[in-house]
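For reference, the chain that follows is the form predicted alone, supplied as C-alpha cells.
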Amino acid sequence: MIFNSLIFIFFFLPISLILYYLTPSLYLKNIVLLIISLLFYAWNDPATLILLILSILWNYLSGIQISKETKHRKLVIITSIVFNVVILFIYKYIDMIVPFEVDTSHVPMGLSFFTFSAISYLGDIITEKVEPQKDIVLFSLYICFFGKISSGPIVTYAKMQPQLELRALNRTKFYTGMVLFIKGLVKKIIFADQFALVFQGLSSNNSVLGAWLYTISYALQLYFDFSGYSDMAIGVSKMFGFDFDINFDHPYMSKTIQEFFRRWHISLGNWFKNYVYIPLGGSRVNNVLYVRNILIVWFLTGIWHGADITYIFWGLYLGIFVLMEKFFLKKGLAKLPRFISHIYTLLIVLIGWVFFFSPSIQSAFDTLLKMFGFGAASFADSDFLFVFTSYLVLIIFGIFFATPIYDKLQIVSYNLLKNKGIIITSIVYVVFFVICISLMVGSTYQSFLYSAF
C-alpha cells in the first residue's frame, strides 16, 4: 500500500485513526498501531511480512544479548550486524557477484529503511547511547511503524523511544499533520507525477534544450516525489502523535555540494554520518584517512540506492566534489555571489542526476554530450517546443515551490492574519486536496521513486 492511493486515504487511514483514538491507554494504542502497521506492510505482498517479523525478532534478541554479553560480546555484535547486512545483500546486491542473472526486482517494501533503523538501534546499544528495549511491542513498533517503514525517513531509536512511551495527542498537532500530508500529496500528484510525463516525453529527444529539460524535469520529479512522500509520512506520524524531523530542506537552494546533501534526504545523510563516517574517524584524522572516509561514505551512499554501476559512479562523483570543496574550492566559493554559487551547485547536481537515472554509464555520457551540443541533432526541435509550451506553467510553479518562498508566505499570513490566515490556508489546502483526488480518480497512480531503494 502507498500513501497516494484512494484506498489508503479514504479507507485505511480513517479507520486506523478511529481505532487509534478510540483505544483508551497509550500502551493499547501502541498495540493497535503495531497491528495496523503489520497490515499496512503485508497489504500487497503478505509473504514479505515473514522477513519483517524475522528482522524484528533477530534485532530485538540481539539488542538484549549485546547488553548482557561480556565474554563473547564482540562476536555477538558482529553476528548481529552481519545478519542485517546479509539480508540486505541477498535481496538487493546478490546479482553483483554471482555469475548468473538473479531477479532482484521484487525487493521487499522498505527493506533498506527498516534494516538501517535496526542497525542504528544496535549501534546505539553498542556505544551505550540507549538501553535495549525489553518490550517487544514497543520495539516492533519502532521498526515497522507504517508512517516511516516504506520509504523513510530513517528515524533513530534514540529519537523515537521517548515518544513510544509518552507523546502528545492534540488538535493542533493533528491539524499540522493533516496539512503536511496534503502538502505532500500535492507535491506527489500535481508536481512529481506531471514532471514524470515531461521526463518520459523527452526520453528520445535529440536536441540540446530537450536534453536539458529532460534532466531538469527528472531533478524536479525526484525532489517532489521524495520530499512529497516525506511530508506525507511525517504528517501521518503527527496524526498519531509522533514528531519526526524534516527530511528535505529546499536542497536546490544550496550554494555547495556539501550544503546540498545537508538538505537532501537528511535522515540518510545523518545515518551515514553517525554510523559510518564518525566511527571511521570523521574529519579528526589526517588528510589521507579523511579522503578514505569520504569516499567510503559516498560509495555506500551510491550503492544504497541500487546494485548498479551508475549509482556507484553517482556517489563517487559527488564524493569527489565534496573533497574538492574541502581542499580547493571552499574559499573561492565563499567569495562568489550567491547567484553564481547556486548555478555551480545546480550544474554539478544536474550532471549527477544524469548518472542517477541513466540505465548505463554510456547512456549517461550520451545525454551529457547532447546537453553540451555534442551529438545533438539541433539546438531545439518541434518535440521540445511542444513539451516545453505544454508544461510551461508546471515548470514555473515547480521551480517556485522548490524554493522556500511559499513556506515563508504561509508563515507571514499566519503572523499577520492570525486566525483568518489559518482559515484561508485551510481552504487552499482543501481545494488542492480535491484537485489531487480528482487526478487520482481520473488516472492510474505512479509509485514513489524511492520505494525502489
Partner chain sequence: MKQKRSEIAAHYIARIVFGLMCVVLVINILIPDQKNSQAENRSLQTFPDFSFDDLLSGQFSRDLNNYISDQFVGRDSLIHIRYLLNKMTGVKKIDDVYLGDGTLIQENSTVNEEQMNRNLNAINNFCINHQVRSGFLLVPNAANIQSNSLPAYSNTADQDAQMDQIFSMLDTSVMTIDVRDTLDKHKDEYLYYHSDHHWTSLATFYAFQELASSFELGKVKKSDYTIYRVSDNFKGTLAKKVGSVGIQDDIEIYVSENLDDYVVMDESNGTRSCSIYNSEGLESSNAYDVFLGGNTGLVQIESLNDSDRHLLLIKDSYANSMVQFLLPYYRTITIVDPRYFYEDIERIFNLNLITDVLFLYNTNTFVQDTSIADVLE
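Residue numbers count along the first chain shown, from 1. What you are looking at is a predicted structure, and each value in this text was computed from that prediction instead of being measured. Heads up, when I say rigid core I mean the largest set of C-alphas that superpose within 1.5 Å between the two forms.
Not on display, but discussed next: the form predicted in complex with the partner chain.
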{"property": "Contact flag, Ile411 vs the partner chain in the model of the complex, heavy atom cut 4.5 Å", "result": "yes"}
{"property": "Contact test in the model of the complex: Met178 vs the partner chain, heavy atoms, 4.5 Å", "result": "yes"}
{"property": "is_contact(Ile15, the partner chain) in the model of the complex, heavy atom dist at most 4.5 Å", "result": "yes"}
{"property": "In the model of the complex, Ile182 touching the partner chain (heavy atom, 4.5 Å)", "result": "yes"}
{"property": "Segment assignment from 223-231, 360-368, 151-159, 378-386: heavy atom within 4.5 Å of the partner chain in the model of the complex", "result": "378-386"}
{"property": "In the model of the complex, residues of 413-430 near the partner chain [heavy atom within 4.5 Å]", "result": "Tyr414, Asn415, Lys418, Asn419, Ile422, Thr425, Ser426, Tyr429, Val430"}
{"property": "C-alpha of Ser413 moved at least 2 Å between this form and the one not shown on rigid core", "result": "yes"}
